[in-house]
Each structure stands twice: as C-alpha cells, then as structure tokens.
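Taken one at a time, structure 1 and structure 2 that follow are two forms of one protein chain, written as structure tokens.
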Structure 1
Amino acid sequence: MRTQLTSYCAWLFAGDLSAFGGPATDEAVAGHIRAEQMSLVLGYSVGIMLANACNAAVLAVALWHSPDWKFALAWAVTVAGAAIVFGLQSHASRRVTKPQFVSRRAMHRLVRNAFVLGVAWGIVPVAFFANAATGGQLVITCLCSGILAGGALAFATIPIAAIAFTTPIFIGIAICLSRDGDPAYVLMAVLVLVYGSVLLRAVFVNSFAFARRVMRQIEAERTVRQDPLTQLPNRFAFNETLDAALKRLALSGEEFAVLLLDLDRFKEVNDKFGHPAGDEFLVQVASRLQRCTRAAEHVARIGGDEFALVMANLARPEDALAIAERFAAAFAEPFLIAGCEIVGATSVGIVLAPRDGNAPLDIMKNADAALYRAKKAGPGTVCFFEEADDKASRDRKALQADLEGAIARDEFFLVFQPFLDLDDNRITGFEALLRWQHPSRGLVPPSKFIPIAEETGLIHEIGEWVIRRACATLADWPEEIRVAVNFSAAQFHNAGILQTIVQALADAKVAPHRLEIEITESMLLSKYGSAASILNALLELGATVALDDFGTGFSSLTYLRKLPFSRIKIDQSFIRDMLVQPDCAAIVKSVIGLARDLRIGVVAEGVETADQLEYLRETQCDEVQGYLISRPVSAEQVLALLDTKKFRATYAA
C-alpha cells in the first residue's frame, strides 16, 4: 500500500494529466509532453521572475513605514535575489537546444520550486496585511492578485504546478481574512475563491487542450520520423538528434558519443527464410537494442540492417563502451523466427564528440570507419574510432573510386592456372584468376578489391566481364580444355546471372560443358536458397559446377547430396599438411574415396612438391593444381604450355 501511494505521488507530481481526468499517455509520450511544458515555463520564467523581483521591491517600498518594515525588507531582498538568480538560469537554459524528453524527476523539481515560490508569497498577507496602512493593504491585495494571475499563466499547461504555486497564496489570504469578522473581508474571501476557481478551471482546460495538441503533433511527426517496421526513430529523426547534440556541444560543451551498429547475418536470414522472416528478425533486434539504452535515448534504424544511437551528456568513454557491449550481448540468445532458432550478431563502431569530430559528416564517416574495423575483427566486436581508421577509410574509398572505372580503363586481366589429370598426365583445363593492374598502385590483390566490389555491387559488372573474357579466351583453346570461373555469393543474388552466362557462351560460340563454375561452401551458407535453382539450371544448360575449398565449411555432405556438383576441390590447407599430419592425410583420403563413390571428380589444390604429387597419385586423385604444375600464366602462354612435350614427360607416371 505504501509503495502504491509513493508511486501515485510520483506520477501525480510529475504532471501526469490523467490524474485530473486528462488524456492518458505512456511514459515516452508523457516525457515529450513534459518537454513541451517545460519549454513554455522557461519561456515565461524570465518575465515572471522579473515581475517577482519588481513586486518584491514595490512591497518593500509600500511597507517602509510599517512596523514590520525590517522583516518586509529582508523578505523582499530574499525573494528578489532568488527571482533574479532563477531568471538568469532560465535564460541560460533557453539557449540550449530544447530536449525531446524530460524526466519525472525534472518535473518534480519544477513543482517543488513552484511551491516554494508560492509559500514565499503566501507569507505576505499573513505577515504584513494586519499591520499595514490602508495603502499598504491595497498594495498587498493587488500584488497577491497579480501574482496569482501570473502564476496561473506561467503554469497554464501544468495543473499540479499551478496548484502547488497558488494553494499557499490562497491559504495565506484565507488566514489573513479570517482574523477579522468584518463582512467586507468575507466578501473579499468569496471573491478570492471565485477568482481562484476560475483561474484553476482555465488552467485545466488549457492544459488538456495543450496535451492533446502535443499528442497529435507527436503522432504526426512519427510518420515522418519513425521507421514503420521497427517503430524506432528513422534516419531523419537520428539526424535531428545528432544536430541537437552538436548544438549542445557548441553552447555548453556537453560531450556525446555516437554508436553505429551493423547486423552481421541479416542477409543470410533474408535469403534463407525470406523477407517476412527478415522483417521479423529486425523487429526482434530493435526490441532488444532499445532495452539496452538509457530511458531518454532511442536507438534509430538508419538503414536496412544498420542502427545508430546518440548518447547525450557523456561523462566517460567507458559509458559508451558499456552500452555497446550490452548491444553485442543482446545477441547471445538466438532469435525464434518462423519456428526456427536464428543466431544473430552485431558489430559496433563508436565515435566520441568532439574528440572524433564536431560536424555530422565527420562523425558519421568516422563511425563508419570504426564499424568497418569492428566487422573485420569478427561478429560481436566493439571498436572505438582511431586515427588509423580514417586513413584506412580514405584509402578504401579511393580504391573504390578507382575500381568503379577499372573496366572502362581496361585495367583488369585474367591469368590461368592449369589442372593436371593424373591418369592421362595431361592438362584438362585452367582456372581463370582475376588480376587488377592499377596505374599507380601496381598489382592489387583480389583479396583487397573483391570485398569492396561485393559491398558496393560492382561485383556484378566485374563478374560479367570475367565470364565474357574467360569464354572469349576459351574459344581459342582446344575443344577438350575447360575453363573454371570463380563466383562470389553476391553474384548469385543477381537474378540475371544465368542469362549472363548463356549470353557469354553464345557470343563466344563455346559449348556449355567447357565452362565450369566454382563456388565455395561459405557462399552456400549465405546463399543456399537462391543457389540451388541457379546451379540446377546450369546443370541443365550443360555447364559443370565445382565446390571449391571443400572441407572448410560446415555442411559439405548435405550440399553434395542436394546440389549438382561435377567436381570438388580439396582445400590447399589439407594438401599442404597431409604428409606431416596424419589427420590431414586421413581427410584427403576420405574425400577422394567419397568423391569416387559419388562419381564426382576431385581436384587437389596447392600442390607444391613432388612428394605431394606422388601421394595424390597413389590415393587415386583425379586432378591436381598448384605451383608444382604451373604458376598462373597469361592467355598467350596457355597454348604454349599445352604444346610443351617436356611438360607431359615431367609429370608422367
């Protein structure tokens, strides 16, 4: 019972209008209403406090010849001084950007201050009216009436504050008038009651109308500032919050942090379970993230799977780190979606203002750079921005800009690494490997530019160029030679990839069985849903499909049973160690045996020594590839390599 009473009082003195029959709201909306109420009070406060100081001075002058003049002077100095100090504080507060949310505690302080000021004026009729001259009594009456009216105006949107301010004054007047049985005083008391009831009635009517107006405004703004799926603030609202934080930084030096989040497995969920499941995943993520923040702060969804938070009034960088770690920990439990448990993860980049920037563009650019480093470190990683991130980000964006025109400038070329058939001791095909000869950077490794191409979507244009160039080159080779082309996960997300392959084969007049598509197990993990139909279509077309880096994924046997692979390639990590580590040798033997039983060809990658070649020959591996056979060669060198009799003799049994 006591707890309920305490809760009710906290709710009442926070200015909640439903306590007086006004519209009911949740805490988020109530916080916005309190912010608007506080803003109006601060708008009036400078004038009201100035009036209080002037009124106190007038009272001191009016009572100068009263027996209570010393007490009146002390009272006037105290009230005038407090009014001036409070007015200056209010003026300073108005210069700071208006907050979007005001806590109950802040409203409690406002009600308390209103009550203290009301008590100060309630003392006046009790302490000074009886001993004052007629003129002094008239001044006291006018001042109390004016103060009541001014207080009602100042707190016109906050009934509890208006009551807290006016009640002590009404009580003081009642005590004053009750001391004398003069009928005139009784009439004055009646007039005061009528006057007060009219004022309070006006306060209630105005405050209810004000609250409903703010609620309609909030609802209207939500359509502009709220993400319709997650109900979180959108990018527009986030930008407003960031601008407000920057204004407070400039005016009062209030530091803040920006946390940028990216979901690490969102695309997998979308591709494997469909977009409705992806939407539900985002909704559940949004709910968990919002529970990690402070009461007055809101995570915003600023992109497809990107979220951001502005942490205002940051005391220590550790506070931002604590929230970021809570974000990462929120993904510890799997998400239940469409009857399936989905494991999610997020990476977080943090920037601190003004240390890492004092302009929106700089802050978001640096946050993105910190997030990029966090993502590279692995799911669940949190990284603060560092100066090195900025350099890496600039280099990456410069590389991206150069990559966009690389095809037009004819900077890409292909090299080809052969496959050696161990039964016939002949070359049966080549793997096409993409290279980028940058005019100033030199030879840029694929490991550096392919991830950028995948992230930006340039991989589709580059991939189409590789297919067309590989097929055109293949047209000049003997009929029994094939070419293998690597495909990335992003390319399989492109619905037009099949048509691109068909067109490239037709333009080059190359038989489909001479083209081999290489995909990795990691690609299947993220694109299994769309890959199956495309791979089956390629099989029907007559092309062959190879599973690259076999053994490094998680569900290889499932893929071998369900998808139409013509060949599997044993990852070079197993080949490199198979002569020194028995477990690697066992894996290599098992894979070769499994492939034979499934009537799938098998290729060993990374063969670099004669002993490795001999071991693979003994275990009946079909084909090998590696530096021992040949390093990648240009298209012009392929025909020469095929014609070299010495090559055939070197690798004969």
Structure 2
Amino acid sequence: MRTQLTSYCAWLFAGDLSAFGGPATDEAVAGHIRAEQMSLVLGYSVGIMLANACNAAVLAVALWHSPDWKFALAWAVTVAGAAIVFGLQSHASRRVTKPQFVSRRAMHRLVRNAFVLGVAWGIVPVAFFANAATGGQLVITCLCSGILAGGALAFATIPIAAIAFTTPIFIGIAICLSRDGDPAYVLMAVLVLVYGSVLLRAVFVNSFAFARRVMRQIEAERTVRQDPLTQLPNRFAFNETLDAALKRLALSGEEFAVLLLDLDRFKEVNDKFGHPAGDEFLVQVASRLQRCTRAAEHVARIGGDEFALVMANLARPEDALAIAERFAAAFAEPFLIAGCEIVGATSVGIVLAPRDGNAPLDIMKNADAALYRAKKAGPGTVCFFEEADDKASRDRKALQADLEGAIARDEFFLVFQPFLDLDDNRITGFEALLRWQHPSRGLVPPSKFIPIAEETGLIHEIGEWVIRRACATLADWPEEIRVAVNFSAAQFHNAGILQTIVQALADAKVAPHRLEIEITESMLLSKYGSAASILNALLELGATVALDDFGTGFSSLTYLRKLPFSRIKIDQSFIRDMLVQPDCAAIVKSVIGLARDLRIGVVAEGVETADQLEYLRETQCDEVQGYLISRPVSAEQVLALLDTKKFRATYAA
C-alpha cells in the first residue's frame, strides 16, 4: 500500500498522469509538457504573488485589534516579502527564451515552493481564526477560500503542485474547524472537503486535457519542423534556430557559427542506384552527421542534399572548424546500401556571426558562398567565409543575370575547330564551341559561363540554341563533313532534348549521321540511367556519340562497354605530356589500341606541336584536333579552311 502510494506520488511528480486516467508520455514528451506547464505558471506568477502580498496585508489590517496582531503582522510581512521576491524572480525568468524541456528537478522545486506557500496560508486558520473577532473570521474565511481557488487555478495544469499548495490549507481549515465542537463547523468541514475534492478532480481533468493538447501540439510541430525522411529538423526549424541565435546575439552578444553542408555527388548516387538507395544514403548520412555534433545541437536537413547546423555560444572559431572536420571525416567509411558500398563526401562552408553577418539572409548567402568555394576545392573540403567569397558570389550572380538575356540579345555565337583525319589528311568535321560576346565583359570563355548555366538550368535553353545553330551551319557544309556538339549532364534531365535534336536536324535538312554529340565521362556518372536511354535513341536516330575528355573521369571502361560510343576523344592533358612523360604516352597508346579493338574511332585533343602529331600518326590515331591544325574558327572561315590546298599539303604525311 505504502509503496503504491509512493509510486503514485512519483508519477505525479514526474508529470505522468497515465495512472490517473491521463495520457501516457515518454520522458521527452513529459519534459516538454513540464516546460509548457511551467511557462503557464510563470505567466500567472507575478499576478498571483501580488495577490498573495495584498492578501497578507489585508489579513494584517483585519487582525490589527486581535490579541495575535503581532504574530499576524510578522506573518504578513514574511509572506508579503517572500511573495514579492518570488514574483520578481519569476518575472526575470520569463524574459529568457521558453525552454523546450524542463527537468523533473525543476518541477520538484516548483512543487516545493507551492507547498511552502500553502503551509504559510495553512497556518492562518490554525493560528488566527479562534481569537479573531467575527469580522476577522470573515476575512480569514474569504481569504482562505480565495487563496484556495486562486491556487487551484494557478496550478490547474499541475496536479501535484495543486495538491502541494492546497493540502496544507485544507488541513489548516480542518484543524481550525474541528477544534470547536459546534456541529455547524463539522458540516462546514464536510463542505470544505467536498469543495476540495471537486477542485482537485477539476485540476486532474484539466491537466489531462492540457497534456493531450500539448502532445497534439508536439506532434503538429514535429510534422511542421521535422524532415520526414531523416527525422532531422527541416529548413523551417533551422530558420527558427537561426533566428533564436540571432536574438541571443542581439541581447547578450552570444556569438555563433553556421555550418552549411552539401553532399558531393549525391545526385550520382540517386541516378546510379535509384531513389530508394538515395533515400537510404541520406538517412545514413543524417545519422552520421548527427553523431558529430554537440549534444544539444541538431543538424538540420534544409534541402535535398543540403544540411546545416547552428553552433550556439561559440567560444572560438576553431570549435566550428573541429565540428566541420568531423562532418567531413564522417564520410571516411563507405556507406553500405542495398549490398553496395557507396563512397560519399561533404563540403562544408562556415560562417561566423556577427563577423560575417548578423541577418539571416546575409548569413545564409555567405555560408553559400563559402560552401561554393569549398565544393570547387574538391570533395571533403571545409572553408570559412572570406570577403572575397562575397565578391565572387556577387560576380557570379551578376554573370548569371547577364546570361539570362544573352540569347535574346543575340550575344552567343559558335566557333568551329576541325578534326583532321590522319589517314588521308582530310578534314572530317568540326567541333562547335560556344562563345559569348558580352557588350562590356568582352569574350567570356565557356569554362566561366557553362557551369553557371548548368547550375541555373539556363543550359537547356542555351543547349537548344547551340544544337539549332550548329545544325543550321552544317547545312552549308559539304555532305561528308560532320559537326560535333558538346552536351552538359544537365541537358539529359530534359526529356524533350531528343525532340529538339530531331527538330533541329529536320529544320536544317541535314542527315542525322552528320551530327555527333560529345559527352564527358563525369556526365555519364551523374546521369547514367537517363543517359543510356537517350544515347541509344540518338544512335537509333542515326546520330553518333563521342566520349569527350577521355581519361579524366572514372569507370570509363565500364561505360565504353555498355554505351554505344562511336568515338573516344583522348583528353588534351595526356597529349600535352605524352612526349615528356612515359606514363602519358603509355595511356595514349593503350587508348588508341583499345579504340581499335572496340572498333570505334579515336581523336587526340589539343595537338599543338608537329612532334605530337608525328607521334600520333605513328601510333595510328584516327583523327587529331588542336591549335596546330587550326584554332577554332568562325562559320565563314570553315568553308575557306576546307578549300585550303596549302592546309592539305602541310599535314600530308
């Protein structure tokens, strides 16, 4: 019986009302409920403490002529003083941000305080009622009822606190009434008991409803603030954490850091292994990242493969760096997904507030800029924001804005670089290379604007323009000459790309076999699934496909076997070094051999010297391309180049 009572008390103390018919909670939810209860009580506390102080003063005045006036005065001064101190304390604690979790110990303190106050009021009927005049007795009765009702109201959501507060008062009243043998008093004692139990019952019912409401609220908040896949806080929750950190920065100068993460090559995982594997990858990444943070901080998933962390109360920038490096190191081990080992990596951009900004937009913009630099530096890189990033990011934005209207303003044009066949020293075709002539920037190289066009999706529109223009230009060239057009990975996202190619060929009235599409290995990695079907469709159409920059990516050999390439283009870095570095020469030789065995064509890119040409001729490379043969030329110059007798003479064996 005693142990049962003890456990009921323990449940009540913990705020677990399931044993009394209330909802069942776990400790995390109970802590959240306690936080809500506490905040409600703190909300009332100033008024209640003021009422306590006033009531104490009223009692002192009412008992002024009683024989116990000295004791009453001392009591009133003590209670009023304590009430004012409590009131001020709770007012101060309300200013601090509302906590999400309140410990049992904090609740115990609240219950203890309620009990002390209850005892103070419980003393009143016992100590002063008997000797008071009728008026004084009336005042005591009114005050005790008022205090009981007020206390029950204040602690209406916390049964244990309501019990702790009201019980001493009920006991005080019971002692006071039972001292006199008058049956009317006994009746009153019964009435008080009935009131008490009704009051307590009401407190319980109310607290059940309150707990259920908070639980529903927690659930609703969870769905609004939580990423359903990884269970991490989402962008909304992250923004709230950032806002709270900014508030603390403004209030108390508490510095913080924001770490922005972007997974390297996540899209490849998604494309290569499918979306379920991509999801599983994200879940595993999320749990590894969360293990790297400090206990109270949570990594948020703020985008597809973007994660972020607010590191509050930052003592030194090195602490942020340490966590960022832990994030990067968390990818050291490969991820095991559906029986496959997947190697991942993350880049991290770090922003320090207030040094790098004190507004959410600035902070995120700068974090983005730092992350951009980190990503460019390679997988697993961590970068602090620097002023130069800001400039780089503004430059990028400006370039992007200019790029948006470039087609409409007719600022693009194509140049063409020939392929020379080494067997009969004849030009077999040209590679179309895009140029952007900007009115104030001048000639912008593709290496500068293609990546931005890819990032922003403008590449679709630009790519379409290139295809149409290349086909239209091809129409004026001799039948046996082909044109090669470079493709970006992003263009394979666009299901309409095939239709565009078909239309461009039809409009220009050129045979599909005269069009070659150049794609890079890295593109195959990122869009393997859709690339395969589009490449096959292209082949069916009659167009050909070349594998550009061969040797700079990975897994090339696998793709060579699986995909219908007509040609391999050996990257210019190998050609540049093949006469000085034996390993480059070996690679060039073996790629040429490989192409021959696979019965596909091979082109050497970036041929700049006669010696290189000679070597390639010896190793029986099919075609060459490079400044030695010709720099990229305008469409008009193409025909002239094809006519040049001198040209043929120069490169004849």
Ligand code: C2E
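Take the two forms, superpose them, and find the largest set of C-alpha atoms that agree within 1.5 Å; that set is the rigid core. As the structure is a prediction and not an experimental result, all values here were calculated from the model. Along the sequence of structure 1, residues get numbers from 1 upward.
Asker: Just one question: which structure is the form predicted alone?
Answerer: The chain shown as structure 1 is the form predicted alone.
Asker: Which one of F129, A220, A359, Q572 sits right at the hinge when the rigid parts move between structure 1 and structure 2?
Answerer: Hinge located at A220.
Asker: I need the hinge angle between structure 1 and structure 2, given as the rotation of the smaller rigid body against the larger one from C-alpha superpositions, in whole degrees.
Answerer: Between the forms, the smaller part turns 22 degrees against the larger.
Asker: For T134, give the CA shift between structure 1 and structure 2 in Å, the superposition being done on the rigid core.
Answerer: A shift of 18.8 Å at the C-alpha.
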